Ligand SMILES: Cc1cc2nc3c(=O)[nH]c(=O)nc-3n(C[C@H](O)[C@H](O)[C@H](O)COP(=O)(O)OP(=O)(O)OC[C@H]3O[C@@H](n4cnc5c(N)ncnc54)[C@H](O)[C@@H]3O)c2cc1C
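Quick setup: one chain, the form predicted alone, written in structure tokens, and binding and motion questions come after.
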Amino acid sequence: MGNADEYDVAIIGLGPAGATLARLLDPRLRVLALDRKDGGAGSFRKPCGGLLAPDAQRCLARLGLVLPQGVLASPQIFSVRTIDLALGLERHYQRFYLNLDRHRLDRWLESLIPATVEVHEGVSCTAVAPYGGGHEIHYVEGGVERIAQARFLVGADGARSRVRRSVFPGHRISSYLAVQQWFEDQNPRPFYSCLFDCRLTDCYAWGLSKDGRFILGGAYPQRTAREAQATLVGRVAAWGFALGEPLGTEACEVLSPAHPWQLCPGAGNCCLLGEAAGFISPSSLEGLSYAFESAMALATALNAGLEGAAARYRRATWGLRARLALKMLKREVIMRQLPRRVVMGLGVASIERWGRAPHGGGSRPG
């Protein structure tokens, strides 16, 4: 165990939130950034459908970033095939998502971090504890335990944030277990589908064509997640989805804040970004836009000085938290079967598809 190194800011996690913050911080700050991912074939990869929503695209525009071709996946799809399996209803809705490879997006954003930031990849953060006026971070790198001390700590380490659990141990945020499987894409035409089935979950599931593969997954209550996913596979196959044997299965916890007070931006000399703070849409589980927004807000707060940065960050994210509160109300509507029966039955805001849908099964022309 070596001696502790000292930093102004330590960032745990280099997903979109942590990598963006690291890129935007004042180069005069001494910054340490730790991340589980590395360039190896067995590197950690976040299970994610990999769609970039318009709000996230707007954030990239504000940041002056242009997506490289290598981040995008094929094909690009302009409508969502929405199915309520319990009601037997199907509609198509126009959407403007970008289909991308989430791991390649994360690696590209990390590549933009300037050399003034000390980045350690492929490391595991094992403990976080108060130390003097800041925090002490224990992490394992290459089998060696190391220690760092930072005046200001940032948790950008996702749903199961070690930083949140260590610094704010009493804070709880509602969550699901997201389980998704990969298949060879055997469907006649690629598509993106949003799936509801109140018998399996009070959240939703998804299906998506991506680079010759088809992803099928859902967000489920944790105790029944594996069984619910197996049931979903059978039900969408009966609906007309072409699925063979799964090529792989992955799972992770996903947050879905149920009340505004479940959001946790942080306090004192520790702040949380993105999903670690609960900044994720409870109605769509979209989190990239909130990752970018929270990173920009905290960078502005920290660049003005470490003293009082947490209070400035809380003020700067007030609008973001208000929008999430509205999403919580929206979730109470769209996740209920009766409103969906009315909206989908009447075809509100849906688009009409020419001819029969190409997938057969229980689908209806829209």
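Only a predicted model underlies this, so the values are computations on that prediction, with no experimental measurement involved. Start at 1 and count along the sequence shown; that's the residue number.
Quick note: we don't show the form predicted in complex with the ligand, though the next part is all about it.
- prompt: Quick one: is residue 328 in contact with the ligand in the predicted bound form, heavy atoms, 4.5 Å cut-off?
  reply: Taking the distances in the predicted bound form, the answer for residue 328 is no, it never comes within 4.5 Å of the ligand.
task: Determine whether any heavy atom of residue 31 comes within 4.5 Å of a heavy atom of the ligand in the predicted bound form, and answer yes or no.
output: Looking in the predicted bound form, residue contacts with the ligand do not include residue 31, since no heavy atom lies within 4.5 Å.
message: When the contact criterion is heavy atoms within 4.5 Å, does residue 220 count as touching the ligand in the predicted bound form?
response: Heavy-atom contact with the ligand at 4.5 Å: absent for residue 220.
message: Since only the chain is shown here, I'm wondering whether residue 214 would be in contact with the ligand in the predicted bound form (any heavy atom pair within 4.5 Å).
response: Residue 214: no contact with the ligand in the predicted bound form.
Which of 270 to 278, 193 to 201, 225 to 233, 73 to 81 lines the interface with the ligand in the predicted bound form (heavy atom within 4.5 Å): Among the candidates, contact is made by 270 to 278.
task: Indicate whether the candidate residues 21, 101 and 296 are all in contact with the ligand in the predicted bound form, with contact defined as any heavy atom within 4.5 Å.
output: No, none of the three is in contact.
task: Quick one: from 285, 85, 173, 148, grab the residue that has a heavy atom within 4.5 Å of the ligand in the predicted bound form.
output: Only one listed residue qualifies here, and that residue is 285.
- prompt: Though the ligand is not shown, can you say which of 258, 237, 119, 252 has a heavy atom within 4.5 Å of it in the predicted bound form?
  reply: Going through each option in turn, the one that passes is 252.
message: With the partner left out here, which residues of 124 to 160 have a non-hydrogen atom within 4.5 Å of the ligand in the predicted bound form?
response: Counting only heavy atoms within 4.5 Å of the ligand in the predicted bound form, the contacting residues of 124 to 160 are 124, 125, 156, 157, 158.
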